[in-house]
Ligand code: HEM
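In the form predicted on its own, a lone chain appears below as structure tokens.
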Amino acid sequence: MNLKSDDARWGSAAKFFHWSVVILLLVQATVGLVMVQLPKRPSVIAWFSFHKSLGLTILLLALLRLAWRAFDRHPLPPPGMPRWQALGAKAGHVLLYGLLFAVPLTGWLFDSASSLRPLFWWDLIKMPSLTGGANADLKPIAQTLHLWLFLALAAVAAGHAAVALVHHFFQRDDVLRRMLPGRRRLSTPNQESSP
């Protein structure tokens, strides 16, 4: 198992970051959609605290993933991939990274503007307020941004997954296979774009 990526496949570190973020985003989306439907009573605080801590964890993983990506090589595009597809893949990944930062940051901003109680990451680390206290003007803006950016992230992530499946089932290249956990036998030595 190679930690670093090579020309043909993603390394185990890139795969770890990719699939950890995918799994945590699925959990986070489920928790977020469920908790806003719950009756407003003290027992719901645990749901919100979990959601906030998980969001900060996703933000940290996104930062680590971006830092690792800056030093890790990227597998080559599949032979014959049109330039517009390669550019589209790069643009899609830039958008995904931007949203991976923007969604938790707007959630943190909303929490700071609400200033209901101190924000603790997993009940261990007290996080600083991004607003310096309650901000009634900023609170609804941050809340709306958080929701719409989440919906944008869900749409872009679904599109990303759909493109990977098209590559796998219709173009029959190794774009998806080389990002799957473990070592998969690849059909050709050189393969596709980024995670």
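Throughout, we count residues from 1 along the sequence that is shown. This is a predicted model, so every value here is computed, not measured.
The form predicted in complex with protoporphyrin IX containing FE (HEM) exists for this protein as well; it is not shown, and the discussion that follows is about that form.
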query	finding
Trp122, heavy atom within 4.5 angstroms of protoporphyrin IX containing FE (HEM) in the model of the complex	no
Partner proximity in the model of the complex: Ala157 to protoporphyrin IX containing FE (HEM), non-hydrogen atom cutoff 4.5 Å	yes
Proximity of Gln143 to protoporphyrin IX containing FE (HEM) in the model of the complex, heavy atoms at 4.5 Å	yes
4.5 angstroms heavy atom contact with protoporphyrin IX containing FE (HEM) in the model of the complex for Gln28	yes
Heavy atom contacts to protoporphyrin IX containing FE (HEM) in the model of the complex at 4.5 Å, residues of 41-68 in sequence order	Phe48, His51, Lys52, Gly55, Leu56, Ile58, Arg65
